[in-house]
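Listed next as structure tokens is one chain, alone, in the form predicted alone.
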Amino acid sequence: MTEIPDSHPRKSSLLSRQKMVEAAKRGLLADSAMIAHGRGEAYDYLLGERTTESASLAIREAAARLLDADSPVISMNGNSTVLAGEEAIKIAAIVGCPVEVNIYYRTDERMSGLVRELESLKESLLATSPPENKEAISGVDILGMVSDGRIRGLEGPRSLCSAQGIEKADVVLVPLEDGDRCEALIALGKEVIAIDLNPLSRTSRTATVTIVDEVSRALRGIVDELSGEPEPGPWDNEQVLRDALESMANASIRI
């Protein structure tokens, strides 16, 4: 890939796109992954490729609920692993929870590849982190290869999960999740923190807390918020979605 100068206004987006291209070549992504990524990019254009004020509030609420949870888990699919796997491990280390690979188009090859990818990112973090952080990072479990749990309300391979991860969890952070799975998790009485650039999706409208933001920005934001020990507060998720839609509707004014 041609080197992108720091002055390029869309450098971050172009680098993310290249990560996706390279991951697809390695067999980590489903055939439709680039379609999903492109759809997200379109919504991000309308947000001005920035974290809005309402998204910042949702990020703070998400951090607070993860800290307050009894058994939180971070559920990662192919796209989120490629774009923000390192940030997910950092959050898991701070919160003290596992990271679970849970994908829509499930194959043994993709599952093992994504688990290895997260384990590799974990090892890289261990090598570069200060000594006081190493124990917490080392303690992050990467789940997914053993499917000894079930998401009741779903059928077939989509219902598979880890008994010590999603099945046990009371709060599930689900970057780039699909609507059916989000609805099933909510029906089981779990809190769902979703990261979804489409404020009109079933995932966004069903989740307990929706962060309308690009996944790597959102997870970096959660990492930052966790250091401040935020407290959960009264939460109006519908207002957050209305604010996101208003920001997108005003895109033509900014342009």
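Quick caveat: nothing in here was measured; it's all calculated off a predicted structure. The first residue of the shown sequence is 1; numbering continues from there.
From this point on, the text means the form predicted in complex with a small molecule, which you will not see here.
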Notebook entry, point to check: Does the 4.5 Å heavy atom contact test between Lys190 and the small molecule in the model of the complex come out positive?
Noted result: no
Margin query: Since only the chain is shown here, I'm wondering whether Glu61 would be in contact with the small molecule in the model of the complex (any heavy atom pair within 4.5 Å).
Written below: no
Notebook entry, point to check: So in the model of the complex, does Tyr43 come within 4.5 Å of the small molecule, heavy atom to heavy atom?
Noted result: yes
Next item on the list: Please check if Ala69 has a heavy atom lying within 4.5 Å of any heavy atom of the small molecule in the model of the complex.
Entry: no
Checklist line | Heavy atom within 4.5 Å of the small molecule in the model of the complex - residue from Leu28, Val209, Ala55, Val215 | finding: Val215
Notebook entry, point to check: Heavy atoms within 4.5 Å of the small molecule in the model of the complex: which of the stretches 111-119, 139-147, 178-186, 88-96 has them?
Noted result: 178-186
